[in-house]
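Starting off, we have a lone chain in the form predicted on its own, written out as structure tokens.
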């Protein structure tokens, strides 16, 4: 059976319109999730009542399937008297899930920095937050970028779940197209290609950021011994 490329050509503009919704959910939801994750990570490291709350939040994200969370939010919120559109639920679920995973990524990065640096900074009179801002945070980017890139790609692809609540993102558009044309191979193949290209683009941006941060934080090479002047007469021993 030959592939009908005319269907692919007709499907691509519709799929790109769905990609716009997918990208909008990701662009709004993921940064909000990162902010939530930062707050949860520092709460989990504290010795206050916020610590068990933050840890419970992470366990919730780890152990509840994403699809169940989306269903609960979409059908459960109206029962609580909260009216929210499919777009709002999608952004909220993306932020909620991203926050849980980014919390663990940041906690791992914080543990990668030697505690002696914090103790040294505090002993010099810096406050805790000054230490985090000027000493710890600049070292974290190298640890954070690779797993954060993977997280962004994962959340971008998982946005396909929002098709179950009729959000017109890319997978939902492909479902409509296949229902009308029965051209599953052409439409789903084009959809998979767009997801793949988008993920490759995101991975490329992540690698570029990693290289830029790596150049800025790399320790200058120590000059080889041969570059130092040899001792001679008249030089201090």
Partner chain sequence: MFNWPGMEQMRGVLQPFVEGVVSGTVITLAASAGAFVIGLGLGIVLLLARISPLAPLRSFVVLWVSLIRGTPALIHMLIAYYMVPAMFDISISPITAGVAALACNTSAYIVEILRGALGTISYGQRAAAYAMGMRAPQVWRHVLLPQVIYRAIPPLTSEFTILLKASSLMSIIAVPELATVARNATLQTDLPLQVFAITAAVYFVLLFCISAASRVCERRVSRMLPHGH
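Owing to the predicted nature of the structure, the values given are computational and were not obtained by experimental measurement. Positions refer to the first chain, counted from 1.
Keep in mind that the form predicted together with its partner chain is missing from the display, and what follows is about it.
No residue of the trio 115, 139 and 143 has any heavy atom within 4.5 Å of its partner chain in the predicted complex.
Per the 4.5 Å heavy atom criterion, its partner chain in the predicted complex is contacted by stretch 68-76, the sole one of 68-76, 128-136, 106-114, 85-93.
Residue contact with its partner chain in the predicted complex: residue 212 places no heavy atom within 4.5 Å of it. Although the partner is absent here, residue 149 sits far enough away that none of its heavy atoms falls within 4.5 Å of its partner chain in the predicted complex.
Contact check for residue 61: a non-hydrogen atom falls within 4.5 Å of its partner chain in the predicted complex. Though the partner is left out of this view, residue 199 does reach within 4.5 Å of its partner chain in the predicted complex, counting heavy atoms only. Residues of 104-118 are not found to place any heavy atom within 4.5 Å of its partner chain in the predicted complex.
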